[in-house]
Structure formats: C-alpha cells, structure tokens
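Given next, in structure tokens, is a single chain: the form predicted on its own.
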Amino acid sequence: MRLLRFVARRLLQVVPVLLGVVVVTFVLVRVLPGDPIRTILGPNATDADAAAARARFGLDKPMWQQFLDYLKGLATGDFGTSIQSGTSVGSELALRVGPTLELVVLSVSLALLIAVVLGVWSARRADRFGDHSVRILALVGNSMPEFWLGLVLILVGYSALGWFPAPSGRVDPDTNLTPLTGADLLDAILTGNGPAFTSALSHLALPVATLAIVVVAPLLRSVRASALEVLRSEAYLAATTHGLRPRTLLRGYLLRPTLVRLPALAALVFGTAIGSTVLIEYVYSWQGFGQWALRGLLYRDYPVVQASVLLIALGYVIVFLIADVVHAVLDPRVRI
C-alpha cells in the first residue's frame, strides 16, 4: 500500500514537470531563427503560398493563441499536424516509437546483464589479469563513437562474414508481418509469425550490439566498484569466516548489495541510449523515433519537435520512477 501511495504521489508530480516542458519547448522552437514554412516549401514559393501554408497550420495566429490551441489538442490526445508530411503527429508517433523502444530496451537489458556478470567477476579477481582486461575493454567500448562502431560491425558481420542481413530495414518484407505495436520482434511473437521473428531478430542483432557496447561501460564500472565495496565490508568478511558456500555468499551476500546503486544509473543510461539511437538508426537505416525527431528538428517542424521532447521527458520520468521502486525493493533501508 505504501508503494502504491509513492507511485501515485510521483505520478501527480509529473503533471507540473510536463507542463513546464511543454511551455519551454513551445517557446524555444518559435524564438529560434528560421521559418519552417519557407524551409518546407523551398526558395521558389511565393508569398501567397507561404501565407496559405501558415494559415493551414495555424501559424498566422498570435503565439498565445497557438499555445492555447496546442494545450487543447494535448488535452484530447492531439499532438497536431506535421508541417513536413501534413499527417497527424500522433499517428506518426505510433509508427516510430515501437521500433526505437524495442531497440533501446533490448540494448540496455543486454548491457545490464553484461555489466552485472563481468562487473562481479572482475571485482572478485581485483588487480589480476582478468580484472585489468575487463576494465580495458570497458574503456575501449566507451571511447568508440556509435556511428563508427556501427559501420565496423556492418563491415565485419554483413560484408565480410555474411552472418547478418543488410542494414536496410527492420524485417524482411516477404515475412508478411502484421504490425500491432510497431516493435517488429514483439509483433512477430504476438502474431506467432516464426519467419518474421527470425528476420526481426537477425536485423536487431547488430544495432542492439552497437548500442549495448556503447552504454555498458558506465554500468560495468559501477557494478565493479559496488562489488569491491561489498567484498571488503565487515558483513561479507564475517560471512566468509563462517565457512558459507561460495554460491550462498554470491547470491545472499554479494549480488543484492551490489545491485543497489544500479537502478538510478541504469535510468541515466536509458536516457543516453535514447540519444544514441539517432546515429544508430541512421547507420542501420532504422526508421524509428530518433530519425523522425531529427528530421523534425532540421525542418523546424514545430509539432514534431514538441511531441518528441514531451515524449522523451515523459520517458525519463517513468524510467526514474521505476528505478526508485526497484531501488526500494533491493535496499530495505530505503523508505518510500
């Protein structure tokens, strides 16, 4: 019951945060130099064409009236109409969020698994060859740019070895996948489409590996540092002197205290992963949320930029809420 009250209280705090994001984003995209209508129509458009386009998208109204119209739309779930495509921003979001969310969730989950396994293994062998090797690999992975690493994996995995499909989509078109959520792997599972599942998994392999390698380094360092602190604590040393079995020491005395710090850092890494998807989606021709938001920013598409920032802010709030709950579950000292 206390946990439910905590979640409800945090969700209520989301409203003013998102309202502040809406106000700041709305003002900033309009005060920055540039005209989205001229950008979309091109240099050969006449003044009459530009005036008609502004009237169509409501950009001829005063800013305060545009803001009120935008708030009314948000209250009914209407994010507006894209200036680039002339279609509903909400319908475009529904197509774009699923693929990116699937990519980020799988990548961060894989990075967490690798960080926990290698971090604990490295801490138990501190200052030995294996420990130094893991730390060097983490440093190298953290130093490689996403786009460069993606290109290298394409050259090796697709061009040289032929183990993975060409970076030209998310699933083979001949699998006849029925889209439900936009996340192809999940859609293949929900519809029981085996060929689509295999195709989506093979297309996901290289992008997921690229993003996981990029974000695993801070997680790995955090797990190793926490595990070293636990290994040197009085509680763990006392348990060791009592002759407990290694498996009992690992599960009961090492893993849980080690993972206490991980949820908050994982939430930060999740946000970093969302930002990294822009370049990764470009390299792998992955038509997801990152590319859509970037095009909206380049073309000064006000509704697309506003919806993108609002959705990212909402994602951050939800992820940190989950991190706080997981932290409270792992550490009984935390009162929520």
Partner chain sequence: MAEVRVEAGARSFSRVLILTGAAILVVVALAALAAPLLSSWGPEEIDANATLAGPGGAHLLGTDTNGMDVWSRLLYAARLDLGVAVSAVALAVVVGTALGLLAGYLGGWLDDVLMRIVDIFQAFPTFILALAVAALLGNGTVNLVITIAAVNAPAYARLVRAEVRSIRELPFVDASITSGASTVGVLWRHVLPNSLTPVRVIAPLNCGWAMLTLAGLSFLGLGVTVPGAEWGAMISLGSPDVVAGRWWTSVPPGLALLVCVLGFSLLGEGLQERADARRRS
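The shown structure was predicted, so the numbers you read here are calculated from the model rather than taken from an experiment. Numbering follows the first chain given and starts at 1.
As for the form predicted together with the partner chain, it is not shown, yet the points below apply to it.
Contact test, all of 37, 40 and 106, partner the partner chain in the predicted complex, heavy atom 4.5 Å: Not one of the three qualifies.
Which of these residues, 140, 95, 113, 71, gets a heavy atom within 4.5 Å of the partner chain in the predicted complex? Result of the distance check: 140.
114 to 122, 204 to 212, 142 to 150, 174 to 182: which one contacts the partner chain in the predicted complex at 4.5 Å, heavy atom to heavy atom? Among the candidates, contact is made by 142 to 150.
Would you check, heavy atoms only and a 4.5 Å threshold, whether residue 159 touches the partner chain in the predicted complex? Contact with the partner chain, yes.
Though only this chain appears here, would residue 154 touch the partner chain in the predicted complex if you measure heavy atom gaps against 4.5 Å? It does: once the partner chain is placed as it appears in the predicted complex, residue 154 has a heavy atom within 4.5 Å of it.
State yes or no: in the predicted complex, is some non-hydrogen atom of residue 312 no more than 4.5 angstroms from a non-hydrogen atom of the partner chain? Judged by the heavy-atom cut-off of 4.5 Å, residue 312 is in contact with the partner chain in the predicted complex.
Touches the partner chain in the predicted complex: residue 17 (any heavy atom, 4.5 Å): Heavy-atom contact with the partner chain at 4.5 Å: present for residue 17.
For the stretch 290 to 324, which residues lie within 4.5 Å of the partner chain in the predicted complex by non-hydrogen atom distance? 294, 297, 298, 300, 309, 312, 313, 316, in sequence order.
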